[in-house]
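Form predicted on its own, single chain, as structure tokens, below.
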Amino acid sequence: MDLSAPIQEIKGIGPKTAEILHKAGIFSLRDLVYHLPRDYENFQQAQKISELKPGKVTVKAKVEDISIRRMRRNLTLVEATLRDKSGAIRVIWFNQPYRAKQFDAGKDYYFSGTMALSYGRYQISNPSAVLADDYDMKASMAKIQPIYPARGSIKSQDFKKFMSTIKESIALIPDMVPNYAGRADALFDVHFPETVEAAKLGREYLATEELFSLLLAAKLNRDDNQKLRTQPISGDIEALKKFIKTLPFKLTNAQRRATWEIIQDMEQEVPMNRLLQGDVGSGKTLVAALSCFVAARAGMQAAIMAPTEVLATQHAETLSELFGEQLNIALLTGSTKHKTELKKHIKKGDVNLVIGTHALITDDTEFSNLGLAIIDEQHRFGVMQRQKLLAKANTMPHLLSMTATPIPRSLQLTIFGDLSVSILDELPAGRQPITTKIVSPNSTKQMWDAIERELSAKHQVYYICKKIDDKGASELSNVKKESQKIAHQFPNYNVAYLHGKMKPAEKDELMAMFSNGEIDILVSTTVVEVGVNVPNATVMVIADADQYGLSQLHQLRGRVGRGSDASYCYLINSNSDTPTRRLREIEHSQDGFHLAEVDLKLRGPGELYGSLQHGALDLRIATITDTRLVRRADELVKDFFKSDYKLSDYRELSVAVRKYQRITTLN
């Protein structure tokens, strides 16, 4: 079976359907067979209503009291009661008006959906529904039914048909990993499972296969990096020590250790490829600055690329104040004036340190002798963007990546297997702990009183919402509605809102206004999770806090507590007076690494580090948190090298590994 065959060769996929699939990244038969079900319906395991627990549920019940309501923005709400001999439960469908006429009174149906608490009572939301008599009589429905992620107008049912067309051919798919048989069986069990356990085991096989490709690519990257050569940067240690003594504060031991590790890397002919991982407020920028100082003293240029113009500007201002006239620092962003003239100076080598955004990687930006490239918030940039910055050097420069996302130590080598890692796990002296309190939605008066006191003291406030507006079915808070309420509650203060769908220039302008103190209360989505330093902001309010993971809550909390004033974080627990364990953990701990480990245990594989694993790593099946499968994949990689296999002999494996291998040349 040729997995590279175009999807147009599959029966039922014409030009129009192919075009839709292409937009979703599905071009070949390989892409299709790895478009796995997101869930399964198993009507054979129906439960009694009285025994239901929150989560995915299936019931066999009759429908009573069905009604339909037209809401704002063309939203329809179909509500009903499901009843069996043991009890009854509310069911609700959003934007599915046909449900109001679907059910016959007195007949049993199977319902499969998610049960959760909403406004004090349990309900099942958007369940699928099948007439019980039809299901019980049709042999074709006797097995578990896969639910595929929709792609444009191509729905789950369409993917079922496509897979049925190639069902017999799946058995011909060859194994990809040497000494790890069962690929065809695994794919068959995921798409056509006889049992839930078979689907789970099939997915585990495919996840291990994917992790094997990732870890093998990381090992090959390390080997390739060792073959590369660059110009060593000899550190003027005495000059560095002299400069550090002039600082108005002491470096933490972690900062000293990380700086020394970076200096040692830069002195090598092999290009540095190091990740600087630091908890919020741990002082990563200072370590990066000292690294730039060493490069400049050695006659090399350094560049720091930040994801936003506001953050780049703040870095430029901070480092200009730090170094004074010792370094010639330039800021290069989209709105920089006289860019042409500035780029001439950069090309001539008149500038020691260039700080900027994507403007650093435009074709007309050239360096004289770029020796050190630093990428802030590295997960915000794609591989090609990072490579464009590296390509600005005459020879491969030393690379330092930075991230504020706490990553459990047990996962560091898994995620960044091709990197050396430095950890900043201490906070600079003088940083006050942030007082964190859980707030019930029914008892917010004390919180608002405390916010009033902070505003009266000329301090600023973040207020985080899960959503942008009230579109859709969710009852979670949204920035537009909350900003109106808060503006009404605090009429004497300037309230503004911010969200990710705004134009970049508009977002940067609002953040700059907040940073300058022109906005008192900023109502925002999590777009502010990683960003500028606003020492005057002393209050962080997170609405629906129980909807976030621990690591993200910790990142949001880290936006305050950056000055000398006491700071506060309020976690509003949505729809319940009983705080979750996650909220209790963050209420009592300020340690991001500890919280990341707890988050890993509480949430399990698949929910942590989504932007890392599905963005930077592009994992489709596996999760970086499944340490059991990681160990299995790692053993397979060791076996691969012990047996002296050649990657070129395995076509499918070569395709998979190539996806994870970074470009390691400047051609």
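Keep in mind it's a predicted model, so treat the numbers as computed, not measured. One rule holds for the numbers: they count along the sequence shown, beginning at 1.
Quick note: we don't show the form predicted in complex with a small molecule, though the next part is all about it.
| request: Choose from 536-544, 428-436, 232-240, 344-352 the stretch whose residues reach within 4.5 Å of the small molecule in the model of the complex, heavy atoms counted. | output: Only one stretch passes the 4.5 Å heavy-atom test: 428-436.
| Using 4.5 Å between non-hydrogen atoms, is Ser477 touching the small molecule in the model of the complex? | Because no heavy atom of Ser477 falls inside 4.5 Å of the small molecule in the model of the complex, the answer is no.
| Is there a heavy atom of Ala184 no more than 4.5 Å from a heavy atom of the small molecule in the model of the complex? | It does not: once the small molecule is placed as it appears in the model of the complex, Ala184 has no heavy atom within 4.5 Å of it.
| field | 4.5 Å heavy atom contact, Leu251 to the small molecule in the model of the complex | value | Output for Leu251 is yes: heavy atoms within 4.5 Å of the small molecule.
| Any non-hydrogen atom of Thr313 within 4.5 angstroms of the small molecule in the model of the complex | Thr313: no, not in contact with the small molecule in the model of the complex.
| field | Of Asp508, Asp279, Glu210, Asp189, the one that lies within 4.5 Å of the small molecule in the model of the complex (heavy atoms) | value | Contact with the small molecule in the model of the complex is made by Asp279 alone.
| said: Just to confirm, with a 4.5 Å cut-off on non-hydrogen atoms, which of Lys284, His459, Arg557, Arg99 contacts the small molecule in the model of the complex? | reply: When the small molecule is considered in the model of the complex, the option within 4.5 Å is Lys284.
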